[in-house]
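Heads up, the chain below is alone and in the form predicted alone; it's given as structure tokens.
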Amino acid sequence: MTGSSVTDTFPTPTIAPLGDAALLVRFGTALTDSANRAAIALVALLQRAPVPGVVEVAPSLVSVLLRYDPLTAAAADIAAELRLRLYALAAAAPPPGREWTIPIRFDGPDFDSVAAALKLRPAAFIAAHNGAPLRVLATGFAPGFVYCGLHAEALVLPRRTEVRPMVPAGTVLFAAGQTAITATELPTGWHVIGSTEFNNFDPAAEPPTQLSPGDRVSFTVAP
């Protein structure tokens, strides 16, 4: 789907096949606030008005993957139903997400170097980082992993050039205009700026994660 704008609010999407059992709806090739909001709004719309034949809806930062059973559904039919929903996307934008406050400790090994790279004193970086709520942009990559953003342009910093072999659950990461929180042990190329007691993954719970795309997170300094 190209060449026509779905709405005046969201970017024009493209629909492309991904293998023989999935379609990808992409709202951009780079992370922007409007592309992310569009992806979140589409997922909410598909939850309210599912496309017949779709067995899974998997969002990412600027795109949404729809998996279907090719034995019972045709890609052309899925795409046609999807276009109808895309044309109604602006009117179906979801309500604001839930509000969260997450205390963090700025005790990460990269905290001082991040502040210095941004030409800020440590206290000024903390004030800027916590100065405004962030949206949950997406969850995934690893169980409970959450991306929050977008920070102001003055706080945008590239990822590290080297990957840390492993960081624990509850690690607060910073890069590319975002703050992320790990919920499991994993390697990372993000800057490690702190830690938190907040746990976003409980495999015994339903759902297993607390934060959802579109929620708003306010970060505070942990006592």
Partner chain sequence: MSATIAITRAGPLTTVQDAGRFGQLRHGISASGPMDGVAYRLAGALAGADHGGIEITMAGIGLRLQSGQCRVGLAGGRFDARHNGLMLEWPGAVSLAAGDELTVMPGTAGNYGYLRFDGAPVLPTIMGSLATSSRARLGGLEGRPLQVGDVLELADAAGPAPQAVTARQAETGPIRFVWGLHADLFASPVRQRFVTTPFVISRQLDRMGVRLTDAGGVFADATILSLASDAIVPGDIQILGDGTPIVLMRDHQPTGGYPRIGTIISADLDRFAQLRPGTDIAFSSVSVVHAQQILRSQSP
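Quick caveat: nothing in here was measured; it's all calculated off a predicted structure. Numbering follows the first chain given and starts at 1.
Below, we turn to the form predicted together with its partner chain, even though it does not appear here.
Checking 169, 43, 155, 35 against its partner chain in the model of the complex, a heavy atom within 4.5 Å turns up for just one residue: 43. Only one of 136, 75, 82, 104 lies close to its partner chain in the model of the complex, with a heavy atom inside 4.5 Å, and it is 75. In plain terms, the part of the chain that comes close to its partner chain in the model of the complex, with a heavy atom within 4.5 Å, is 142-150 out of 96-104, 142-150, 124-132, 110-118. Its partner chain in the model of the complex comes within 4.5 Å of a heavy atom belonging to residue 29. Contact annotation: residue 161 falls outside 4.5 Å of its partner chain in the model of the complex, judged by heavy atom distances. Using a 4.5 angstroms limit between non-hydrogen atoms, residue 175 is distant from its partner chain in the model of the complex. The closest heavy atom approach of residue 197 to its partner chain in the model of the complex falls outside 4.5 Å.
Contact residues in stretch 183-197 (any heavy atom within 4.5 Å of its partner chain, taken in the model of the complex) are limited to 185.
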